[in-house]
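Just one chain is shown here, as C-alpha cells, and it is the form predicted on its own.
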Amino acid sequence: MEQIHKKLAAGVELAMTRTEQFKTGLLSVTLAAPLRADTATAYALAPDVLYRGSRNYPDIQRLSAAADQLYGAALGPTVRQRGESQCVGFLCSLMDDRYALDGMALLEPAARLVSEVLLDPATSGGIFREDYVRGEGENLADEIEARINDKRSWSIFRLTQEMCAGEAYALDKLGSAAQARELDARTLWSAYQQLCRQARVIFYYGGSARPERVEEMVRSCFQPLLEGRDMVLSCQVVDEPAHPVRYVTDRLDVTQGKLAMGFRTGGIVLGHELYPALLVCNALFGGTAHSKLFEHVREQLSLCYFVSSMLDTLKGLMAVSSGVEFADFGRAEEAILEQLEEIRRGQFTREELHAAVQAVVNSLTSRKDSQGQMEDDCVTQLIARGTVTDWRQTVSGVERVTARDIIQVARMLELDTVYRLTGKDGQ
C-alpha cells in the first residue's frame, strides 16, 4: 500500500492510495470552504440538487442507468464537517479495472460521470431547475428538523452549540431548515458558482491504477477545478475554557435523561506531539468497552444506560455522552469526573494501559480495511495539516505512549460545559 500526495495547483490537491487489496476503487472530489452561517445551507444543498441530474442525464433514473453501465458504480453526494470547514462533493465506488471483462477501463468513464454531475448540471434558463431546488430544499429541511429525533446525537450537537457559541464550530454543517426552504434556483446557482470558483479542492483515488494515470484522468476530466485558488481553511482551537463550567438544561418529552460533558484538550489536536497520547487517554477514559467509564460508571455503579467519550481532534474537544435517570444527573457527573481524576493521579494498571494502546492500534489498523475510511482520513489530514501522514507513523507513536504521557494529557483536559436533556415536567 502506497500513499501519494501531489499539489496540482494552488489550493488543489490529489491524494492517492495505491493498493491491490480491494476489488473496488474509490474516487472522490471534495470542495472545502469555511463553515459560515451565510453559506452553509446553500453549500449543503448544492450536491443534492446536482445529484438530481446532469445535462446528458437530466434525471435520477438516467443518471442511475449510466452508473449501472459501469458495472454498477455507486455515486453519491457528501456533506461533512471537519473542524470548522464544510466539505461537500461526491464519492464514487467502482469496480477495479483488474476485474472488468475484456480489460475494460472503468476509472476514466467513472471520472467523466462524476465530473459531469459536478460541473455540468441539468439547468433551465441557465440556472438550476427550480423544481429540483424546491424538492431537495424540502428534503434538506426535513433532515435538519429530524436531527432532534436521535436524542443521543442531539445532546452532543446541543453541547457543542453551547460550548462553542460564537465559534464557527457551533454551526450546523447542513445549515438551517428555514433557509433550505427559502433558497431559490438563482440564489443557489450563484452560491454553487462561488463554491466551485473559491473552494479548496481535494481529489482522492484509492485502487490499483498507476499514479500517472490517475493524475492524467483528473487533469482531463476536472479541468475547470484546476485553476489556482487562495482559499484558507483554519480552525479556532481554544486551549482552555474562558469561563467557569457552564450548565445548560433543555426540557423535552423524554423518559430518559441525556448527560453530555464537553472538555477542552489543552490545545492537543491532530499533529500535536501529544496527539497519540490523547488517543490512548480517550480509550482508557471512555473510548472503549473496557474503559473506566464503562467498567465503573456503567457496570459497577449502574448510573448510566450508556456512557462513552469521543474526540474531535481538529477542534481540540473531548465529549462524554451518557444516558441517565433524571434523578442521577449529579451522581453520574461526579462519577465521570472521578474517573478522570483517577487517570490524572495515575491510578490505572499496566494492563489497562496496554488494553487502551491495543484498542487504538487496532482501530487505526482496521481503517485500512475500508476504502471509505482511508478516503476520509486523507481528506481530514489535508484539511487539518495540508499533508498526509502514513498511518504507520501514528501507530508507532501510539505504541510508544507511556503512563506519564497519559497523566500529562489527562491533566490538560478541562471541563468547559455540561449539558442536560431532561423531561418537560422537571423530573
Partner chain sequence: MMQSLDYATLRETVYTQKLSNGLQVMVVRRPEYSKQFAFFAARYGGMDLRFREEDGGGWVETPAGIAHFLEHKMFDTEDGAALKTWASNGAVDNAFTAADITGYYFEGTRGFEDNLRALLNLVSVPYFTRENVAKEQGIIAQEIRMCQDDPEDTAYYQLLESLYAHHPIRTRIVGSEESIGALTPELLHQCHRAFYRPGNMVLCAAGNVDPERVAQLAEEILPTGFSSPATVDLGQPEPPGAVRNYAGRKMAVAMPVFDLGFKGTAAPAGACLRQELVAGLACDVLCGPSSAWYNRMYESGVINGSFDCFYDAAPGCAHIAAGGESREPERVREELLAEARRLVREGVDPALWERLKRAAYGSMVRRLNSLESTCIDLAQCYFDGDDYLRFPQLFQSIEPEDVVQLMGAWITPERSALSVIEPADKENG
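Quick caveat, the model's predicted, so the values are computed rather than measured. Numbering follows the first chain given and starts at 1.
If you look for the form predicted in complex with the partner chain, you will not find it shown, but the lines that follow are about it.
For the options 336, 304, 113, 221, the residue carrying a heavy atom within 4.5 angstroms of the partner chain in the predicted complex is 304.
Residue in contact with the partner chain in the predicted complex (any heavy atom within 4.5 Å), chosen from 177, 233, 73, 185: 73. Candidate site formed by 64, 139 and 253: every one of these residues places a non-hydrogen atom within 4.5 angstroms of the partner chain in the predicted complex.
With the partner left out here, the partner chain still marks one of 80 to 88, 255 to 263, 341 to 349, 162 to 170 in the predicted complex; by a 4.5 Å heavy atom cut-off that stretch is 255 to 263. Using a 4.5 angstroms limit between non-hydrogen atoms, residue 279 is distant from the partner chain in the predicted complex. Of the heavy atoms in residue 389, none are within 4.5 Å of the partner chain in the predicted complex.
Residue contact check for residue 146: one or more of its heavy atoms lie within 4.5 Å of the partner chain in the predicted complex. Contact check for residue 99: a heavy atom falls within 4.5 Å of the partner chain in the predicted complex.
For the stretch 355 to 374, the set of residues having any non-hydrogen atom within 4.5 angstroms of the partner chain in the predicted complex comprises 355, 358, 359, 361, 362, 365, 366, 368, 369, 371, in sequence order.
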